[in-house]
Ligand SMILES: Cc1cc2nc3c(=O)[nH]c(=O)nc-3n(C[C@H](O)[C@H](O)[C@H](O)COP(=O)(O)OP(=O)(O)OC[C@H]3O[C@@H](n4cnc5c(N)ncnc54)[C@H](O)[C@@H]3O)c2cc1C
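Below, in structure tokens: the form predicted on its own, a single chain.
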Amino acid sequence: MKQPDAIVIGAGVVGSACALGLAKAGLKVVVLDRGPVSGGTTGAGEGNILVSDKEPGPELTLAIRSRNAWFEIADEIGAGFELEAKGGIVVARTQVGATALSHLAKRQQRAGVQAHELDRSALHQLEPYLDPSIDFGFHYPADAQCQPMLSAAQMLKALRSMGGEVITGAAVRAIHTKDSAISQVVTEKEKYSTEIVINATGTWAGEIAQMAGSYLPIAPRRGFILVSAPAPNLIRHKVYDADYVANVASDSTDLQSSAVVEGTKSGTILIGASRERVGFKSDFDVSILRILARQAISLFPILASVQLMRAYRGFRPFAPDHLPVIGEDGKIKGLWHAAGHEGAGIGLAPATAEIIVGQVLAREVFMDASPFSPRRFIQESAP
């Protein structure tokens, strides 16, 4: 029986960041995933590293630290994952929207975020192909982007160089406990004796918690992304409508969509964003793709002449209160959760890992992480 110091379940960006952090702290780490690296939500992500879409509070504090930590990781392991400090632009098309955006930006500024108001001239200087009728927005220089699958792969490559193991195609079949503490993880081919398990399985984190005898109310929220053929230099920042922030925080089960458009280093343009609660229903809804295309053209009319190359969908893991779940389980000692980031998991991964590593090793972390604690769901799980 193998005896690693810690097992990380999930080889996406969050799991990879946690594994790398634990290995850097001197632990012998094994990463398990039932599929390939980035086979879940990470593989269907845009790579957003944002501060612009967060309301002031614990998640924004997490986002500010995480944005900087991404660049620190790039310096440590090599920036071979298309990390780019491109900046973001949020636009408003009505006076009501402009007022709400201004109020949000002012609160964010007080929390330490750089946000610069843009009049029509400045806005169209930054984004020349933006619809001429749009005349108000804010520029967020700290917003960044990476290629999420490459990010996970690079972090796991660094993990291996430190002696860690990454085992794909290894579905966890059982998690055993002794005296309400983690003792063993079982896959189809191997048994692992360990006292530390990191649950970084995204949308499926609730299943892992249940397997260990606990409870985590993580559910999927489906979203679609369109990808254009290469059209370099048309879109210079991540550009989105102000109502995107409201959609992220919404509890509605209905389809919600807002215009989100950004270019990539490879020249392709990513177009989103839709959100709907339909479980793990995976079929492609062409009507949603049409809505996204129309919304993108309303932001950038020039996109009407750009060919779409493909579309994909993924499932964002969300908790009922729309906060990530980061910390030790409320019932099972040694079971640590790093999940429920919804559409922000890629951006928040490094800071999430810092909290997990700090708590596992009983070290001080950079913020009060209690708002993210899984213990907030103990009462909900009671009979």
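Numbers for residues come from their place in the sequence shown, where the first is 1. Note that this is a predicted model, so its numbers are computed, not measured.
Unshown form predicted together with the named molecule; subsequent notes refer to it.
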Single option in I208, A115, I196, A259 placed near the named molecule in the model of the complex, where near means a heavy atom within 4.5 Å | I208
Heavy atom of each of P4, G164 and W336 within 4.5 Å of the named molecule in the model of the complex = no
So in the model of the complex, does A304 come within 4.5 Å of the named molecule, heavy atom to heavy atom?
-> no
Would P220 count as a contact of the named molecule in the model of the complex, using a 4.5 angstroms cut-off between non-hydrogen atoms?
-> no
Applying a 4.5 Å heavy atom distance criterion, does D329 contact the named molecule in the model of the complex?
-> no
Would S66 show up as a contact with the named molecule in the model of the complex if we use heavy atoms at 4.5 Å?
-> no
Could you tell me which of 22-30, 57-65, 316-324, 354-362 sits within 4.5 Å of the named molecule in the model of the complex, going by non-hydrogen atoms?
-> 316-324
Output the sequence-ordered list of residues from 220-242 with at least one heavy atom within 4.5 Å of the named molecule in the model of the complex.
-> G223, F224, I225
